[in-house]
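A lone chain, given as structure tokens: the form predicted on its own.
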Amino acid sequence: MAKKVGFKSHTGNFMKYRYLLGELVSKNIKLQYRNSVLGVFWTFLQPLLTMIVLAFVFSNLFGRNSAEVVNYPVYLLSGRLLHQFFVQSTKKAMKSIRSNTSIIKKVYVPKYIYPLSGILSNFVTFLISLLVLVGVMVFYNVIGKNPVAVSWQIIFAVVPVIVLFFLSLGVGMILATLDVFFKDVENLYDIFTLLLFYLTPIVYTIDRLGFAEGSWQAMILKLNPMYGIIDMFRAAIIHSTEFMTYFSVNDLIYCSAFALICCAIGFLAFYKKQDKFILHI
């Protein structure tokens, strides 16, 4: 019975501050493009330019047509957008408590609002940036060069996006807690995200690295939940007409479980340590 009351209490507390959460999300988005001439247009331009540069550099090495890589720019961009959201949202969440120190010391607001607002603001810009992916797919379909066939099963792309959101939320809450007590976490996480980029099949496929399917090298790479999330997203985007052939239920189970465990650890650690934040910020 006590657990039910506690849950209602937390839910009521969240509903009470939902408008503040919306304001913080709006503020974060505005600050992201403050003093920028192009403003929100960078949401489209940045991933597009990055895709062009990476495609130019790696297309001859990894971009040759295969069953998995139907269209290399679309393959590259689909992985890059998801990876970028994860990195940017978790970094924003990590620094959220320290960056709002002045408010935390003066006004009571549930502290989880700050990392949550950082992740939600990045999620909004991520959803907008997906229009670039749509535009690139339309472009190649119009010119008829390496077109990407699309069917109604493309809607299943929502599934890995939801899993990615909860993974980012869990990791973000863990980082937000650690960053209050250990400032070096920010520098260590920069190194980690660089390693994550190369350990995730964004610009390459495992077979192009010379790793056979089922080899120990491939298995180690697949322990990275971002691998499964991006793989599921590509199954829906690039192979929507053969979605069930390319979609992995095992990836869905593993990545969902990993994300939920991260959320449980993140919120539990944050809840237990939040009263001590004021002593360290």
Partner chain sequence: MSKYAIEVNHVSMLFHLNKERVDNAKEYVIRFLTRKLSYTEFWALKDVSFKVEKGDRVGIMGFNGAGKSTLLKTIAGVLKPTMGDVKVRGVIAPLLELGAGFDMNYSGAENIYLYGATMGYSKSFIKEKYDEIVEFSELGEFINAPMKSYSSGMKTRLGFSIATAVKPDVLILDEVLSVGDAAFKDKSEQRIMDMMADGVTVLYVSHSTDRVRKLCNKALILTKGQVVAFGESDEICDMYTEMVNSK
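Positions refer to the first chain, counted from 1. Note that the coordinates shown come from a computational prediction; the quantities given were computed from them, not determined experimentally.
The protein also exists as the form predicted in complex with its partner chain; that form is not presented, and the subsequent description refers to it.
> Where does its partner chain sit in the predicted bound form: which of 73-81, 182-190, 131-139, 87-95, heavy atoms within 4.5 Å?
Looking at the other structure, the answer is 182-190.
> When the contact criterion is heavy atoms within 4.5 Å, does L24 count as touching its partner chain in the predicted bound form?
Yes, L24 sits close enough to its partner chain in the predicted bound form that at least one of its heavy atoms falls within 4.5 Å.
> I'd like to know whether I52 contacts its partner chain in the predicted bound form, with contact meaning heavy atoms within 4.5 angstroms.
Taking the distances in the predicted bound form, the answer for I52 is no, it never comes within 4.5 Å of its partner chain.
> Should L195 be counted as a contact of its partner chain in the predicted bound form, where contact means heavy atoms within 4.5 Å?
Looking in the predicted bound form, residue contacts with its partner chain do not include L195, since no heavy atom lies within 4.5 Å.
> Considering non-hydrogen atoms and a 4.5 Å limit, does its partner chain approach I261 in the predicted bound form?
I261 lies outside the contact set for its partner chain.
> Residue by residue through 132-154, which ones have a non-hydrogen atom no more than 4.5 angstroms from its partner chain in the predicted bound form?
If the 4.5 Å heavy-atom criterion is applied to its partner chain in the predicted bound form, 132-154 yields nothing.
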